[in-house]
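This document opens with one chain alone, in C-alpha coordinates, the form predicted on its own.
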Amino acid sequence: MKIARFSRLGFILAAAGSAVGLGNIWKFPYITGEYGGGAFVLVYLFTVLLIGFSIMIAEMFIGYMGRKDGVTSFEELAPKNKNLWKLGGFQGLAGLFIMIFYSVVIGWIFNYIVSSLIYLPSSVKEAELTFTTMLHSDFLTQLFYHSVAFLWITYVLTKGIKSGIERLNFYLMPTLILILLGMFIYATTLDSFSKAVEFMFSPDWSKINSEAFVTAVGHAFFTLSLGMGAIMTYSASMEKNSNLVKNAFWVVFLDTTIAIVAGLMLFTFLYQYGSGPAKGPGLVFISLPSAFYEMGILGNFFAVIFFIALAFAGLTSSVSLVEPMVQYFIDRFNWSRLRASVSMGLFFYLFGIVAILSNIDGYEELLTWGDKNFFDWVDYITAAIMLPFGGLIMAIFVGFVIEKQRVEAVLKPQLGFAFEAWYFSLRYITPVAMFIVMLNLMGVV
(Lines give C-alpha, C1' and ligand atoms only; values in the text may rest on other atoms or scores of the structure.)
Protein backbone atom coordinates (compact mmCIF):
# COMPACT_ATOMS: atom_id res chain seq x y z
CA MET A 1 0.00 0.00 0.00
CA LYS A 2 1.34 3.41 -1.00
CA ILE A 3 2.00 5.63 2.01
CA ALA A 4 0.44 9.12 1.75
CA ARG A 5 3.00 11.93 1.94
CA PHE A 6 2.64 15.66 2.36
CA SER A 7 3.73 17.82 -0.53
CA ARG A 8 6.38 20.37 0.53
CA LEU A 9 3.81 23.19 0.61
CA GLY A 10 1.30 20.87 2.24
CA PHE A 11 3.74 20.02 5.04
CA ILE A 12 4.62 23.67 5.69
CA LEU A 13 0.94 24.64 5.80
CA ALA A 14 0.05 21.66 8.01
CA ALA A 15 2.97 22.24 10.41
CA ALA A 16 2.26 25.97 10.47
CA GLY A 17 -1.41 25.16 11.04
CA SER A 18 -0.37 23.03 13.99
CA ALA A 19 1.81 25.80 15.40
CA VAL A 20 -0.56 28.69 14.65
CA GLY A 21 -3.32 28.16 17.16
CA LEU A 22 -5.12 29.95 19.95
CA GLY A 23 -1.75 30.70 21.53
CA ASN A 24 -0.85 33.11 18.71
CA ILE A 25 -4.06 35.10 18.43
CA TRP A 26 -5.35 34.79 21.98
CA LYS A 27 -2.49 34.14 24.39
CA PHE A 28 0.45 36.00 22.84
CA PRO A 29 -1.28 39.41 22.81
CA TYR A 30 -2.49 39.18 26.38
CA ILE A 31 0.81 38.00 27.89
CA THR A 32 2.59 40.72 25.89
CA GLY A 33 0.19 43.18 27.49
CA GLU A 34 0.81 41.76 30.96
CA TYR A 35 4.60 42.10 30.63
CA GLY A 36 4.76 45.58 29.19
CA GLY A 37 5.05 45.09 25.43
CA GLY A 38 8.32 45.72 23.60
CA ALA A 39 10.81 44.23 26.03
CA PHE A 40 8.78 41.03 26.30
CA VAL A 41 8.46 40.79 22.50
CA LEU A 42 12.25 41.01 22.13
CA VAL A 43 12.81 38.33 24.78
CA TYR A 44 10.18 36.16 23.09
CA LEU A 45 11.78 36.52 19.64
CA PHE A 46 15.19 35.66 21.09
CA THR A 47 13.89 32.50 22.77
CA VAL A 48 12.02 31.46 19.60
CA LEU A 49 15.28 31.54 17.66
CA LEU A 50 17.53 30.05 20.34
CA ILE A 51 15.22 27.40 21.82
CA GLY A 52 12.08 26.98 19.73
CA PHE A 53 13.91 26.68 16.42
CA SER A 54 16.38 24.17 17.91
CA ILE A 55 13.62 21.90 19.19
CA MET A 56 11.63 22.26 15.98
CA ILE A 57 14.54 20.89 13.93
CA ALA A 58 15.14 18.08 16.43
CA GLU A 59 11.49 17.01 16.43
CA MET A 60 11.35 17.11 12.62
CA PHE A 61 14.53 15.01 12.53
CA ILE A 62 13.01 12.27 14.71
CA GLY A 63 9.84 12.08 12.65
CA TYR A 64 11.60 12.31 9.29
CA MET A 65 14.11 9.58 10.15
CA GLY A 66 11.64 7.32 11.96
CA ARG A 67 8.88 7.49 9.33
CA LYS A 68 6.36 6.05 11.81
CA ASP A 69 4.34 7.08 14.83
CA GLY A 70 6.30 8.72 17.66
CA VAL A 71 6.67 5.57 19.75
CA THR A 72 8.03 3.52 16.84
CA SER A 73 10.33 6.34 15.71
CA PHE A 74 11.94 6.66 19.14
CA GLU A 75 12.26 2.88 19.38
CA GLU A 76 13.90 2.44 15.97
CA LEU A 77 16.26 5.44 16.25
CA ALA A 78 17.56 4.57 19.72
CA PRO A 79 20.91 2.72 19.37
CA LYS A 80 20.26 0.85 22.64
CA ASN A 81 17.68 0.65 25.45
CA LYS A 82 14.96 0.71 22.81
CA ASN A 83 12.18 -0.41 25.17
CA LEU A 84 12.98 2.51 27.46
CA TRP A 85 13.34 5.21 24.80
CA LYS A 86 10.15 4.24 23.00
CA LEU A 87 8.31 5.73 25.98
CA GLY A 88 9.47 9.13 24.73
CA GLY A 89 7.08 8.72 21.82
CA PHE A 90 4.08 8.75 24.13
CA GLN A 91 4.33 12.55 24.29
CA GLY A 92 1.48 12.34 21.77
CA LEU A 93 -0.75 11.80 24.82
CA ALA A 94 -0.16 15.45 25.73
CA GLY A 95 -1.93 16.62 22.59
CA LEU A 96 -4.87 14.30 23.21
CA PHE A 97 -5.20 15.59 26.78
CA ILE A 98 -4.98 19.21 25.60
CA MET A 99 -7.89 18.51 23.27
CA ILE A 100 -10.10 17.83 26.30
CA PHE A 101 -10.32 21.57 26.98
CA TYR A 102 -9.16 22.88 23.58
CA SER A 103 -12.29 21.53 21.90
CA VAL A 104 -14.41 23.26 24.55
CA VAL A 105 -12.67 26.59 23.87
CA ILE A 106 -13.21 26.15 20.12
CA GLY A 107 -16.88 25.65 20.99
CA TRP A 108 -16.86 29.01 22.79
CA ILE A 109 -15.42 30.58 19.64
CA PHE A 110 -18.14 29.01 17.46
CA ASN A 111 -20.71 30.46 19.85
CA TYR A 112 -19.14 33.93 19.56
CA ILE A 113 -19.17 33.73 15.74
CA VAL A 114 -22.93 33.20 15.78
CA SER A 115 -23.76 35.66 18.58
CA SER A 116 -21.55 38.42 17.11
CA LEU A 117 -23.76 38.48 14.01
CA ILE A 118 -26.54 40.16 15.98
CA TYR A 119 -25.17 41.20 19.37
CA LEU A 120 -22.09 42.81 20.88
CA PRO A 121 -21.79 43.85 24.54
CA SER A 122 -21.76 47.62 25.04
CA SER A 123 -19.24 47.59 27.90
CA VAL A 124 -16.52 45.44 29.44
CA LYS A 125 -18.83 44.77 32.38
CA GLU A 126 -21.60 43.53 30.09
CA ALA A 127 -19.09 41.44 28.11
CA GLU A 128 -17.82 39.84 31.31
CA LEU A 129 -21.37 39.02 32.40
CA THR A 130 -22.10 37.45 28.99
CA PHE A 131 -19.02 35.25 29.12
CA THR A 132 -19.37 34.16 32.75
CA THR A 133 -23.07 33.35 32.23
CA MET A 134 -22.16 31.06 29.33
CA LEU A 135 -19.29 29.52 31.27
CA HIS A 136 -21.14 28.82 34.54
CA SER A 137 -24.78 28.41 33.50
CA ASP A 138 -25.24 27.54 29.83
CA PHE A 139 -24.30 23.88 29.63
CA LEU A 140 -26.38 23.07 26.54
CA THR A 141 -24.85 25.81 24.40
CA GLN A 142 -21.33 24.70 25.32
CA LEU A 143 -22.23 21.05 24.72
CA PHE A 144 -23.71 21.81 21.29
CA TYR A 145 -20.68 23.72 20.00
CA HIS A 146 -18.25 21.26 21.64
CA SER A 147 -20.08 18.53 19.68
CA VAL A 148 -19.74 20.51 16.44
CA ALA A 149 -15.98 20.84 17.04
CA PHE A 150 -15.67 17.11 17.78
CA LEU A 151 -17.52 16.10 14.60
CA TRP A 152 -15.51 18.45 12.37
CA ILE A 153 -12.11 17.46 13.78
CA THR A 154 -12.88 13.73 13.75
CA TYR A 155 -14.16 13.86 10.18
CA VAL A 156 -10.95 15.52 8.95
CA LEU A 157 -8.85 12.91 10.77
CA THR A 158 -10.76 10.05 9.13
CA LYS A 159 -9.84 11.42 5.68
CA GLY A 160 -6.10 10.96 6.31
CA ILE A 161 -2.97 12.94 5.40
CA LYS A 162 -3.69 14.10 1.83
CA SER A 163 -7.48 14.28 1.67
CA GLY A 164 -8.00 15.41 5.26
CA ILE A 165 -5.16 17.19 7.04
CA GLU A 166 -3.38 18.68 4.01
CA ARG A 167 -6.62 19.78 2.37
CA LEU A 168 -7.92 21.36 5.59
CA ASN A 169 -4.75 23.41 6.01
CA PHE A 170 -4.58 24.23 2.29
CA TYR A 171 -7.87 26.11 2.59
CA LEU A 172 -7.94 27.32 6.20
CA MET A 173 -4.37 28.60 6.60
CA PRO A 174 -4.40 31.00 3.59
CA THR A 175 -7.91 32.15 4.60
CA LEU A 176 -6.73 32.76 8.17
CA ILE A 177 -3.76 34.78 6.89
CA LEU A 178 -5.98 36.83 4.55
CA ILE A 179 -8.48 37.63 7.32
CA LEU A 180 -5.76 38.73 9.73
CA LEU A 181 -3.99 40.68 6.98
CA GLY A 182 -7.21 42.48 6.04
CA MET A 183 -7.92 43.43 9.65
CA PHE A 184 -4.29 44.47 10.10
CA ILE A 185 -4.43 46.75 7.04
CA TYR A 186 -7.56 48.38 8.45
CA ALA A 187 -5.82 48.78 11.81
CA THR A 188 -2.97 50.70 10.13
CA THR A 189 -5.48 53.39 9.10
CA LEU A 190 -6.48 54.11 12.70
CA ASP A 191 -4.83 56.81 14.82
CA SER A 192 -3.98 54.33 17.54
CA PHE A 193 -1.82 52.13 15.27
CA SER A 194 1.32 54.13 16.05
CA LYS A 195 0.61 53.72 19.75
CA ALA A 196 0.30 49.94 19.31
CA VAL A 197 3.60 49.85 17.38
CA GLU A 198 5.30 51.85 20.12
CA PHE A 199 3.91 49.54 22.80
CA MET A 200 5.08 46.37 21.04
CA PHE A 201 8.48 47.52 19.81
CA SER A 202 9.73 50.15 22.27
CA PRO A 203 11.24 48.08 25.08
CA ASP A 204 10.65 49.07 28.69
CA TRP A 205 13.10 46.81 30.49
CA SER A 206 11.68 47.77 33.90
CA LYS A 207 8.72 45.51 33.06
CA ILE A 208 10.95 42.46 32.61
CA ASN A 209 11.74 40.14 35.51
CA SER A 210 12.66 36.49 35.88
CA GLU A 211 9.01 35.46 35.60
CA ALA A 212 8.72 37.29 32.26
CA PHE A 213 11.79 35.44 30.93
CA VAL A 214 10.35 32.08 31.95
CA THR A 215 6.97 32.98 30.44
CA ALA A 216 8.65 33.99 27.16
CA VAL A 217 10.60 30.71 27.00
CA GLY A 218 7.51 28.67 27.80
CA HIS A 219 5.31 30.46 25.29
CA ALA A 220 7.92 30.38 22.54
CA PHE A 221 8.05 26.62 23.02
CA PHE A 222 4.35 25.93 23.35
CA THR A 223 3.16 28.19 20.53
CA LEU A 224 5.30 26.22 18.06
CA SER A 225 3.32 23.08 18.93
CA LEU A 226 6.40 21.29 20.27
CA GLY A 227 6.64 18.52 22.84
CA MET A 228 3.32 16.87 21.94
CA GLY A 229 4.38 14.73 18.99
CA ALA A 230 2.46 16.74 16.38
CA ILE A 231 5.42 18.06 14.37
CA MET A 232 7.13 14.68 14.73
CA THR A 233 4.11 12.81 13.35
CA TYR A 234 3.67 15.24 10.46
CA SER A 235 7.39 14.99 9.65
CA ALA A 236 7.05 11.22 9.27
CA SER A 237 4.94 11.97 6.18
CA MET A 238 7.38 14.51 4.74
CA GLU A 239 8.69 13.90 1.21
CA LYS A 240 12.10 12.25 0.92
CA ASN A 241 15.09 14.58 0.56
CA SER A 242 13.15 17.37 2.27
CA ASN A 243 15.15 20.22 3.78
CA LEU A 244 14.23 20.08 7.45
CA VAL A 245 15.91 23.37 8.31
CA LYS A 246 14.11 25.34 5.60
CA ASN A 247 10.80 23.77 6.55
CA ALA A 248 11.40 24.55 10.23
CA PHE A 249 12.31 28.14 9.33
CA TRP A 250 9.09 28.70 7.39
CA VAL A 251 6.96 27.23 10.18
CA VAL A 252 8.67 29.39 12.82
CA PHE A 253 8.48 32.46 10.55
CA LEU A 254 4.75 32.06 9.83
CA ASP A 255 3.95 31.29 13.46
CA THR A 256 5.86 34.29 14.82
CA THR A 257 4.67 36.71 12.12
CA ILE A 258 1.03 35.84 12.74
CA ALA A 259 1.50 36.36 16.49
CA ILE A 260 3.06 39.81 15.91
CA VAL A 261 0.41 40.86 13.38
CA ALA A 262 -2.39 39.69 15.69
CA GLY A 263 -0.87 41.59 18.59
CA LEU A 264 -0.52 44.84 16.63
CA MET A 265 -4.07 44.55 15.31
CA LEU A 266 -5.68 43.81 18.66
CA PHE A 267 -3.76 46.49 20.56
CA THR A 268 -4.69 49.04 17.89
CA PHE A 269 -8.39 48.27 18.35
CA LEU A 270 -8.10 48.29 22.14
CA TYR A 271 -6.24 51.62 22.21
CA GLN A 272 -8.59 53.16 19.66
CA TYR A 273 -11.69 52.43 21.69
CA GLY A 274 -10.50 53.34 25.15
CA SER A 275 -9.17 50.06 26.50
CA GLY A 276 -5.62 49.20 27.53
CA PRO A 277 -3.56 46.19 26.45
CA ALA A 278 -3.05 44.49 29.80
CA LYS A 279 -6.38 42.69 30.04
CA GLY A 280 -5.20 39.16 30.74
CA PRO A 281 -6.89 35.98 29.46
CA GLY A 282 -10.22 37.79 29.05
CA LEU A 283 -8.86 40.01 26.26
CA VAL A 284 -10.49 38.08 23.40
CA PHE A 285 -13.79 37.07 25.02
CA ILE A 286 -14.38 40.15 27.20
CA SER A 287 -12.31 43.22 26.28
CA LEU A 288 -12.31 42.82 22.50
CA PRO A 289 -16.08 42.34 21.93
CA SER A 290 -16.81 45.57 23.81
CA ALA A 291 -14.17 47.34 21.67
CA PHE A 292 -15.85 46.00 18.51
CA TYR A 293 -19.17 47.40 19.79
CA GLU A 294 -17.72 50.93 19.63
CA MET A 295 -17.23 50.52 15.85
CA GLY A 296 -20.96 50.33 15.19
CA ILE A 297 -22.20 47.96 12.49
CA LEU A 298 -18.61 47.57 11.24
CA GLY A 299 -17.81 46.08 14.64
CA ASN A 300 -20.18 43.15 14.06
CA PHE A 301 -18.43 42.41 10.79
CA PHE A 302 -14.97 42.57 12.34
CA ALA A 303 -16.08 40.49 15.33
CA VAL A 304 -17.46 37.73 13.11
CA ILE A 305 -14.43 37.48 10.82
CA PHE A 306 -12.04 37.74 13.79
CA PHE A 307 -13.71 34.83 15.58
CA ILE A 308 -13.79 32.89 12.28
CA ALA A 309 -10.01 33.40 12.04
CA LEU A 310 -9.64 32.29 15.65
CA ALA A 311 -11.74 29.18 14.93
CA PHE A 312 -9.62 28.34 11.88
CA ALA A 313 -6.45 28.63 13.99
CA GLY A 314 -7.97 26.37 16.62
CA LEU A 315 -9.18 23.75 14.14
CA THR A 316 -5.87 23.42 12.28
CA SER A 317 -4.10 22.98 15.62
CA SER A 318 -6.69 20.54 16.93
CA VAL A 319 -6.19 18.06 14.09
CA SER A 320 -2.46 17.99 14.84
CA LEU A 321 -3.11 17.43 18.56
CA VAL A 322 -5.02 14.21 17.90
CA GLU A 323 -3.13 12.84 14.88
CA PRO A 324 -0.09 11.48 16.86
CA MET A 325 -2.23 9.03 18.82
CA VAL A 326 -4.32 8.19 15.74
CA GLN A 327 -1.11 7.27 13.92
CA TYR A 328 0.11 5.31 16.94
CA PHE A 329 -2.90 2.98 16.89
CA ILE A 330 -2.69 2.63 13.11
CA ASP A 331 1.02 1.69 13.14
CA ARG A 332 1.21 -0.37 16.33
CA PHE A 333 -2.17 -2.14 16.38
CA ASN A 334 -3.18 -2.09 12.69
CA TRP A 335 -6.35 -0.19 13.44
CA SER A 336 -8.14 1.36 10.49
CA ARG A 337 -7.92 5.15 10.27
CA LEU A 338 -11.67 5.36 10.85
CA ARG A 339 -11.51 3.32 14.06
CA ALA A 340 -8.47 5.19 15.40
CA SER A 341 -9.89 8.64 14.57
CA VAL A 342 -13.32 7.97 16.07
CA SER A 343 -11.83 6.37 19.20
CA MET A 344 -9.48 9.28 19.87
CA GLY A 345 -12.23 11.74 19.05
CA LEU A 346 -14.61 10.14 21.53
CA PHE A 347 -11.87 10.26 24.18
CA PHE A 348 -11.48 14.04 24.08
CA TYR A 349 -15.20 14.58 23.46
CA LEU A 350 -16.42 12.65 26.51
CA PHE A 351 -13.78 14.07 28.84
CA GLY A 352 -14.52 17.48 27.32
CA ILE A 353 -18.07 17.17 28.64
CA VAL A 354 -16.59 16.65 32.10
CA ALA A 355 -14.46 19.77 31.54
CA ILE A 356 -17.59 21.77 30.68
CA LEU A 357 -19.41 20.48 33.77
CA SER A 358 -16.47 21.42 35.99
CA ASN A 359 -17.28 25.10 35.32
CA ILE A 360 -21.08 24.74 35.65
CA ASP A 361 -22.74 25.87 38.87
CA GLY A 362 -23.87 22.83 40.84
CA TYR A 363 -21.19 20.55 39.39
CA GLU A 364 -18.10 22.70 39.90
CA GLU A 365 -17.62 21.69 43.54
CA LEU A 366 -17.87 17.98 42.70
CA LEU A 367 -15.21 18.32 39.99
CA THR A 368 -12.76 20.49 41.93
CA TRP A 369 -9.73 19.16 43.75
CA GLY A 370 -7.48 21.51 45.67
CA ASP A 371 -7.45 24.92 44.04
CA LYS A 372 -8.38 23.75 40.52
CA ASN A 373 -11.36 22.21 38.80
CA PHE A 374 -11.08 19.44 36.19
CA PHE A 375 -10.76 21.91 33.29
CA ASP A 376 -7.91 23.79 35.01
CA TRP A 377 -6.13 20.62 36.15
CA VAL A 378 -5.95 19.27 32.58
CA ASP A 379 -4.62 22.63 31.39
CA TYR A 380 -2.06 22.76 34.22
CA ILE A 381 -0.78 19.18 33.89
CA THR A 382 -0.26 19.45 30.13
CA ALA A 383 1.35 22.91 30.23
CA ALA A 384 3.45 22.50 33.37
CA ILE A 385 4.56 18.88 33.05
CA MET A 386 3.79 17.05 29.80
CA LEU A 387 4.84 19.60 27.16
CA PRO A 388 8.13 20.80 28.68
CA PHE A 389 8.99 17.20 29.59
CA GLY A 390 8.38 16.20 25.97
CA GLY A 391 10.72 18.95 24.79
CA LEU A 392 13.35 17.94 27.33
CA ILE A 393 13.21 14.30 26.19
CA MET A 394 13.61 15.27 22.52
CA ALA A 395 16.60 17.51 23.23
CA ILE A 396 18.34 14.76 25.21
CA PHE A 397 17.44 12.06 22.67
CA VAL A 398 18.78 13.91 19.61
CA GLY A 399 21.60 15.64 21.49
CA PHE A 400 22.98 12.70 23.49
CA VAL A 401 21.40 9.38 22.52
CA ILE A 402 21.38 9.31 18.70
CA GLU A 403 24.90 9.10 17.32
CA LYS A 404 26.21 12.54 16.34
CA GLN A 405 27.41 11.22 12.98
CA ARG A 406 23.84 10.23 12.10
CA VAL A 407 22.48 13.66 13.02
CA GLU A 408 25.39 15.37 11.27
CA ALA A 409 24.88 13.42 8.04
CA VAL A 410 21.35 14.78 7.63
CA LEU A 411 21.51 18.24 9.17
CA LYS A 412 25.05 19.55 8.60
CA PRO A 413 24.54 19.97 4.82
CA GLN A 414 21.38 21.94 5.64
CA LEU A 415 22.70 23.99 8.56
CA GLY A 416 26.23 24.46 7.24
CA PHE A 417 28.59 26.28 9.61
CA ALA A 418 25.67 26.80 12.06
CA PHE A 419 25.41 23.07 12.80
CA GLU A 420 27.76 23.10 15.80
CA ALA A 421 26.00 26.12 17.32
CA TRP A 422 22.61 24.41 16.89
CA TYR A 423 23.93 21.15 18.33
CA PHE A 424 25.42 22.96 21.35
CA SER A 425 22.14 24.80 21.96
CA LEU A 426 20.18 21.56 21.73
CA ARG A 427 22.45 19.72 24.18
CA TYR A 428 23.10 22.36 26.81
CA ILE A 429 20.87 25.44 26.50
CA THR A 430 17.50 23.95 25.57
CA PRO A 431 17.38 21.20 28.25
CA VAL A 432 18.25 23.68 31.00
CA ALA A 433 15.62 26.13 29.75
CA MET A 434 12.96 23.40 29.57
CA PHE A 435 13.82 22.17 33.06
CA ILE A 436 13.55 25.69 34.50
CA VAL A 437 10.24 26.32 32.74
CA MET A 438 8.85 23.05 34.06
CA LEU A 439 9.93 23.83 37.64
CA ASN A 440 8.53 27.35 37.40
CA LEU A 441 5.15 26.25 36.06
CA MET A 442 4.99 23.62 38.79
CA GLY A 443 5.65 26.34 41.36
CA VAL A 444 8.97 24.87 42.53
CA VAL A 445 11.02 27.96 41.57
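No experiment lies behind these values; they were computed from the predicted model shown. Don't overthink the numbering: it's just position in the shown sequence, from 1.
Below, we turn to the form predicted together with a small molecule, even though it does not appear here.
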{"query": "Proximity of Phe222 to the small molecule in the model of the complex, heavy atoms at 4.5 Å", "finding": "yes"}
{"query": "Non-hydrogen atom contact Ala19 with the small molecule in the model of the complex at 4.5 angstroms", "finding": "yes"}
{"query": "Touches the small molecule in the model of the complex: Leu321 (any heavy atom, 4.5 Å)", "finding": "yes"}
{"query": "Partner contact for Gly23 in the model of the complex: the small molecule, 4.5 angstroms, heavy atom", "finding": "yes"}
{"query": "The small molecule in the model of the complex: contacting segment from 38-46, 397-405, 64-72, 23-31, heavy atom within 4.5 Å", "finding": "23-31"}
{"query": "The small molecule in the model of the complex: contacted by all of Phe53, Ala216 and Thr256, heavy atom 4.5 Å", "finding": "no"}
{"query": "In the model of the complex, the residue from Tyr102, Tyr112, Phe199, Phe292 that sits within 4.5 Å of the small molecule by heavy atoms", "finding": "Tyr102"}
{"query": "Heavy atom within 4.5 Å of the small molecule in the model of the complex - residue from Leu157, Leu120, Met344, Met228", "finding": "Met228"}
